[in-house]
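Next up: a single chain in structure tokens, the form predicted on its own.
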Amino acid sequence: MKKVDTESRQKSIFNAIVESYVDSATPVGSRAIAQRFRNTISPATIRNVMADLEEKGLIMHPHTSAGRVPTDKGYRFYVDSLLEPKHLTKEEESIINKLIRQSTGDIEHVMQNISKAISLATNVAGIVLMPRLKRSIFKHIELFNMDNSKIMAVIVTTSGFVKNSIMDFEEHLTGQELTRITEFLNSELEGVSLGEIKSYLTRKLLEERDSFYIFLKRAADILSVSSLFRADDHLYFDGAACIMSHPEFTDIRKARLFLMACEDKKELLSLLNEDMEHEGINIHIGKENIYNDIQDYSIVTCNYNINGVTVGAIAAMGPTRMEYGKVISVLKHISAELGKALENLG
């Protein structure tokens, strides 16, 4: 029983240290913790527990300060073992939902407003990864003759993404033939992800051996053009000024690295693309990030779905001293609302 009580006491004191540091951004001394546990835990016991926590690597002395701050290892222990989600208020949900509903029918406007909503609700930077084109679901295609050897294809997905490409086509097709192919593709491919279209049509070709084969082969050749389904990953980012208001970023080096990471985006793109493969919330704390330029920050990510298919990810990025419970609740809520918004957009 004594061991259980000791472990419980350590967790309570450590939890108080984290919450106090998140609130104040100043190193936490034993006196401040003692005030939280007045008449329940003695100051001497608190000092001993803080020494034990420091020995375990969960807290540390920053420079010459008398107080302690959580380490990356400490934050990891906190989010894995102690964290309780902080539910959004009705007012916070209303502000977020209003901003999302203000988006026009343009998917880029939706993405911009989502990144802004994340930043406003979390007080850190908001990041949104545009839906991956190959994971998007086919909705509609239009084919147009440009001249004797060129065809323009315009594909619309259920998420509202529009992709067009002009391709060289050796065989000249009449307007009537293109119309027939268009009608066939719109009927046949409804609900198929863009990344599966090629294999889907290949299977159909293997099943056909009559006059329909030539028609189907023409349709497959048109959609085999690689540029039609290729799109650069794009990040929408908001909240750089918000981030710079945090005391951590009075350190010029940290501020510079943050702005470089935001401008380059390669590391953030890689991180969000990796996290898309994992359902729900993912938390990367400080040195846990494999990319050097973002090892002073925490990044919390959450994928989002359209009609049950994961197509993209959103994230909040800020100092390791972030309000993790609040951030997680915000991302979960916005992920669900973004999926609804994109379904309606489609």
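Quantities reported herein were computed from a predicted structural model and do not represent experimental measurements. One-based numbering along the sequence shown.
Form predicted in complex with the DNA: not shown, discussed below.
The DNA in the model of the complex comes within 4.5 Å of no heavy atom belonging to L58. Interface membership of R68, defined by any non-hydrogen atom within 4.5 Å of the DNA in the model of the complex, is confirmed. Using a 4.5 angstroms limit between non-hydrogen atoms, A44 touches the DNA in the model of the complex.
Shown alone here, R38 lies farther than 4.5 Å from the DNA in the model of the complex, counting heavy atoms only. Of the candidate stretches 294-302, 46-54, 315-323, 277-285, only 46-54 contains residues with a heavy atom within 4.5 Å of the DNA in the model of the complex.
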